[in-house]
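Quick heads-up: it's one chain on its own, the form predicted on its own, in structure tokens.
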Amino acid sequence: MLHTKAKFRAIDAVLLLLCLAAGAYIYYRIQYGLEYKGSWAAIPQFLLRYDPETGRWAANYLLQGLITTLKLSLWATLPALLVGLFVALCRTSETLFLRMVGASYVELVRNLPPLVLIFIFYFFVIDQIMPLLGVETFIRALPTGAQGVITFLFAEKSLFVQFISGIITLAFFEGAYMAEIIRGGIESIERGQHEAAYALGLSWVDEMRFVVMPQVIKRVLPALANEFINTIKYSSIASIVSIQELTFMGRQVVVATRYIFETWITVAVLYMALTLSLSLVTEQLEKRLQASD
């Protein structure tokens, strides 16, 4: 397809002026219509704070929430990939029972609101699975050094159970979408390649390992990278169950300061800084994959 270079035209200028006018009107309504009195000067202290004991600057509420969001999304993506791969293999299996299991899981997740799922699954995990596994007792029995590593990689020991429950919940939710991406990649492999693998006497495992999955990974990697960005955005619903990620911390700052617009705009900028950075990485990844074809 031939792409022409975009030009700045009169209609673009008109639309730009309309957007600026809309922004000015919204600002006017906030300042005078709502009689809202805020202060941007109070926000930086909730990003960084000076620690007199160490003599260094440290992350405060909002940056702590951003770090927790990144850790939560990263750790949730890993099991979500495993769940997605397993379900995708079930959905492309020749066994009817496995196909039904995979389809039921995907349809269940896709047709229920995320908020409902996170309430049901979170409270099941935290009330049934975690006490059964004795996770909290195990963490408390660890030496101080090991607890420090747990805090650095995951969360403080007092919040570790909630953090792990959030990871499991997000992985359960995101696994369905990743399963559909991987399934689409598997089904995009030409039938002739399956027949060639069968003719060579390859087992199903060897066929998937040496023929199918290397091609699938290359085809679906950009889509999976985009799904990681979606995981970051969906992690905000974990604030409902008291996981101290960015949205939760934003609510705490609003309660403490009453600076509603300044706080949520800052939260939005932090989310955008994270997701846009990952989007740029994904875009470069797609270009490299296209160049290697």
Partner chain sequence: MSEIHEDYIIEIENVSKTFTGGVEAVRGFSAKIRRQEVVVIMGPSGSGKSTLLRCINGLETAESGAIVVDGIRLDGDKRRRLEIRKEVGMVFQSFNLFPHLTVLENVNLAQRRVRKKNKASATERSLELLQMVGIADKANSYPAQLSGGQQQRVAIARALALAPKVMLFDEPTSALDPEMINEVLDVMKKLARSGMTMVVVTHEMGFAREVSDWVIFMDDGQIVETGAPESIFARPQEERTRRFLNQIL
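These numbers were taken from a predicted model, which means no experiment stands behind them. Residue numbers count along the first chain shown, from 1.
From this point on, the text means the form predicted together with the partner chain, which you will not see here.
Peer 1: For the spot marked by Gln193, Leu202 and Arg209, is every residue within 4.5 Å of the partner chain in the model of the complex through some heavy atom?
Peer 2: Yes: Gln193, Leu202 and Arg209 each sit within 4.5 Å of the partner chain in the model of the complex.
Peer 1: Select from the listed residues Val83, Val220, Ile118, Ala197 the one whose heavy atoms reach within 4.5 Å of the partner chain in the model of the complex.
Peer 2: Exactly one residue meets the criterion: Ala197.
Peer 1: Please tell me which of Pro113, Pro143, Gly134, Pro214 lies within 4.5 Å of the partner chain in the model of the complex, judged by heavy atoms.
Peer 2: That would be Pro214.
Peer 1: Want to guess which of 170-178, 101-109, 185-193, 149-157 is within 4.5 Å of the partner chain in the model of the complex, heavy atoms only?
Peer 2: Correct option: 185-193.
Peer 1: Within 77-107, which residues come within 4.5 Å of the partner chain in the model of the complex, counting heavy atoms only?
Peer 2: None of them.
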